[in-house]
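Provided below as structure tokens are two forms of one protein chain, presented individually as structure 1 and structure 2.
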Structure 1
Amino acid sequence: MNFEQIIFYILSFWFIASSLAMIFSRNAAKAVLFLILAFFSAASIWLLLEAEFLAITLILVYVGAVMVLFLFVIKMLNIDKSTLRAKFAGYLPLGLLVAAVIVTEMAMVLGYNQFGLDVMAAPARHGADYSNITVLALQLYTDYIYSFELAAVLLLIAIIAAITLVHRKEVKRKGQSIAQQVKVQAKDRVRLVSITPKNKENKS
């Protein structure tokens, strides 16, 4: 076992451990932090495969943006922990069954018989001047340019649809009407009240 395989097993251990800790964590904020650790472990494994672009994208997009958004949402929402625990306990058997089925299917499809080193050769090592980002960009903007543009159009349609659904109903919020402020009169806003001091009430 060489040094690269040792690093791979260490990163895989932390990836699996952080994933399980994220699932079974009772604190939502801690679950997000464990998920960030899982993303870092997956990005490190991609670096071993010379997939620097995917690793950087995973860290910048998911860790730098999506996870921060998750933390803001968790802190802003008033989450009832007892309700979450009851739902977690209720759906736990079904979740374990679905997880077992998914793991079995992945083992059958991605097992050692299909993707072992005796079936598929190890990825070829490149020199220091090699850039997979350049190769990916050439493939993306030449052979798959129409698919890329179609995906961009679909994402634009999804953004417009989301904004339309949010603003479909009038949102109750406080606003400022300049016209009503100009028309206001003192008699409508100021009320003079005569207050009797407590000392006079006691003397009487």
Structure 2
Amino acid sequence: MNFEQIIFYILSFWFIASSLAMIFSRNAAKAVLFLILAFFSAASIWLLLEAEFLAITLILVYVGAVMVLFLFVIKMLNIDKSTLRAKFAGYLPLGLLVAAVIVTEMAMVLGYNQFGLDVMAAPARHGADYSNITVLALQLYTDYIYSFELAAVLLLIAIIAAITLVHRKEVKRKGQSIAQQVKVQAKDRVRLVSITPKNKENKS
């Protein structure tokens, strides 16, 4: 077993262990932390495959932004565990049915006969001057430019849709207009008056 394999097995172990821990942990905040660990392990495995751009993007987008918002929401929510447990038994038959369907589907798609070196040859190692990001950028902006632009437009539409859903007509509220506050000049607030002292007038 060479060194790369040892690293791969360590990372895979952490990936599976942290995913399991995430599912079974009772504390929602801890579950998010285990999910972050799983993301890091997945990113490291991608690094072993020389897909460093994907690995870094996974950390940048999911760990750096999405999971922060998850933790944010979890801190704001006050989750009552007893009501969750009470509903658990009622949903159990339906849940088991759905789980069974998903497991069979995944077994069909991700079964052992779909993988292995005879089905998918080991990816060739590239030289030291190989740049994953350059290759990816060339692919994205030449061969797949239309799908790339379409995805971007789709995201834009999603943003507009989300904003129109929550945007309402201006309600009468006592908010502060920061733009106005910032624009304020000293002369709007303070009036400087020049007063000649009376004693001076008398003297002259």
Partner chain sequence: MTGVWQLIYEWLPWFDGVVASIVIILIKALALVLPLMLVVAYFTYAERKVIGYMQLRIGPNRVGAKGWLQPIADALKLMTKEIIFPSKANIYLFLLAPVLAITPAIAVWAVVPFDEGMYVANLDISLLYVLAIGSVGVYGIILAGWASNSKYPLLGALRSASLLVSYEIVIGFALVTVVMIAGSVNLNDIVMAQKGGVLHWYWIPLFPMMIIFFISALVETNRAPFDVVEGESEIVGGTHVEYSGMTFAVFFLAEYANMIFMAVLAVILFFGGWHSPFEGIAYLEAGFSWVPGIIWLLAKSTFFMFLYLWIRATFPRFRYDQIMRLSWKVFLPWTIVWIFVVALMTQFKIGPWF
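Only a predicted model underlies this, so the values are computations on that prediction, with no experimental measurement involved. Just so we're on the same page, residue numbers count up from 1 along structure 1's sequence. Rigid core (definition): largest C-alpha set, two forms, superposition within 1.5 Å.
S.K.: Mind telling me which structure is the form predicted together with the partner chain?
M.R.: The chain shown second - structure 2 - is the form that fits the description.
S.K.: Using a superposition on the rigid core, decide whether the Cα position of residue 134 changes by 2 angstroms or more between structure 1 and structure 2.
M.R.: It does not reach a 2 Å shift.
S.K.: Is residue 10 one of the residues whose C-alpha moves 2 Å or more between structure 1 and structure 2 after the core fit?
M.R.: Moves: no, less than 2 Å.
S.K.: Can we say the CA of residue 20 moves by at least 2 Å between structure 1 and structure 2 when the core is superposed?
M.R.: The answer is no; the displacement is under 2 Å.
S.K.: Once the rigid core is superposed, tell me how far the Cα of residue 192 moves between structure 1 and structure 2, in Å to one decimal.
M.R.: Superposing on the rigid core gives a C-alpha shift of 36.0 Å for residue 192.
S.K.: Relative to the superposed core, report the C-alpha shift of residue 109 between structure 1 and structure 2 in angstrom.
M.R.: With the cores aligned, its C-alpha sits 3.6 Å away.
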